[in-house]
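In structure tokens, one chain follows: the form predicted alone.
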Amino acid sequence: MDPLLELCGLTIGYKQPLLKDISFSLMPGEMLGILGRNGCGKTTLLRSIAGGMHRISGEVRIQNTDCFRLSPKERARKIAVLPQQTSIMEGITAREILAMGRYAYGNAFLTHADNSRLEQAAAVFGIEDKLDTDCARLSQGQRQLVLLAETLVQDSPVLLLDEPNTALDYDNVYTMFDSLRRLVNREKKGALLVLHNPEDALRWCDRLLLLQNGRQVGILRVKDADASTVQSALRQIYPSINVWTDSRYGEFRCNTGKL
């Protein structure tokens, strides 16, 4: 099976590198989490893949195509991006936001198939009853779900999600991750997620890319690891973290060791 996304020695920056020598692949049906302390380059990495940063050296390949040679519209057909922060103007409905996901395909008007896809994407995140609501009337968490649904409407094989659980309450965090996990498995998409909570990353992601000061310090395959291996890997970026396995649920648990 060929990777959906490949980075080979990617170095990004201007006079000085912001990211240096990043290499990994993203496979169909895989969720790959990015962990690292603030300022380590997580968001910069997503922007780089999306073509928004200056490349010094290395390659980004999407389905065996050089990402940097794609036009913006071609890139949008292959990569859907959820930025860390997005503002939504008053007066725009959730349906109109989701419809923007079809712009990469050049449709001036939505077809019946487009509308069906839009409604399916809304149902994935449980916002089908919000489609005709002005987004200004939605909570911040509901707006986040609208933006997540927009990435699905785009029908791109690669999803770049920067802190997708931002502003979501406890129930919606679970619903979002569970829905995303099922979608990625079913449609064989690849999802690259910037996350801050190691427990969320360990629970939902297949592998973790570990960043420190703009450099890749490791890739952890979660399902093949025990608590000791996970703790050793994560201490490269969180020196005081403790990791153990919850005997009741068989999931990894973490704390900082500073309690």
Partner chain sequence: MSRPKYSQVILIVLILVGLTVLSACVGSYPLSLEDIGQILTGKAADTMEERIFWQLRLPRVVMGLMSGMVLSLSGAIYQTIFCNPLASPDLTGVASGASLGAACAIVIGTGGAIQIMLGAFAAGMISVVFVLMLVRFSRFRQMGSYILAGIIVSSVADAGLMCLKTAADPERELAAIEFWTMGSLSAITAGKLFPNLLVMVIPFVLLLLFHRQAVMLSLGDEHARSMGLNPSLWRGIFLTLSTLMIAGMVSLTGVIAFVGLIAPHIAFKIHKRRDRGFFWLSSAIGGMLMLIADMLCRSLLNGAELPLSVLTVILAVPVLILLLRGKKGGVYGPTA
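These numbers come from a predicted model, not from an experiment. Numbering follows the first chain given and starts at 1.
The form predicted together with its partner chain exists for this protein as well; it is not shown, and the discussion that follows is about that form.
Visitor: Have a look at 99, 127, 173, 183 for me and say which one sits with a heavy atom within 4.5 Å of its partner chain in the predicted bound form.
Guide: Answer to the contact question: 99.
Visitor: What is the one choice in 179, 166, 142, 93 with a heavy atom within 4.5 Å of its partner chain in the predicted bound form?
Guide: Contact residue from the list: 93.
Visitor: Within 4.5 Å of its partner chain in the predicted bound form, counting heavy atoms only, one of 47 to 55, 30 to 38, 187 to 195, 61 to 69 shows up; tell me which.
Guide: The contacting stretch here is 47 to 55.
Visitor: With the cut-off set at 4.5 Å between non-hydrogen atoms, does residue 83 touch its partner chain in the predicted bound form?
Guide: Yes, contact at 4.5 Å.
Visitor: Does residue 136 make contact with its partner chain in the predicted bound form, using a 4.5 Å heavy atom cut-off?
Guide: Contact check for residue 136: yes, within 4.5 Å of its partner chain in the predicted bound form.
Visitor: Are any of the heavy atoms in residue 147 no more than 4.5 Å from a heavy atom of its partner chain in the predicted bound form?
Guide: Heavy-atom contact with its partner chain at 4.5 Å: present for residue 147.
Visitor: Please run the contact check for residue 14 against its partner chain in the predicted bound form: heavy atoms, 4.5 angstroms, yes or no?
Guide: Looking in the predicted bound form, residue contacts with its partner chain include residue 14, since a heavy atom lies within 4.5 Å.
Visitor: I have 22, 212 and 215 flagged as a candidate spot, so tell me whether each of them has a non-hydrogen atom within 4.5 Å of its partner chain in the predicted bound form.
Guide: No.
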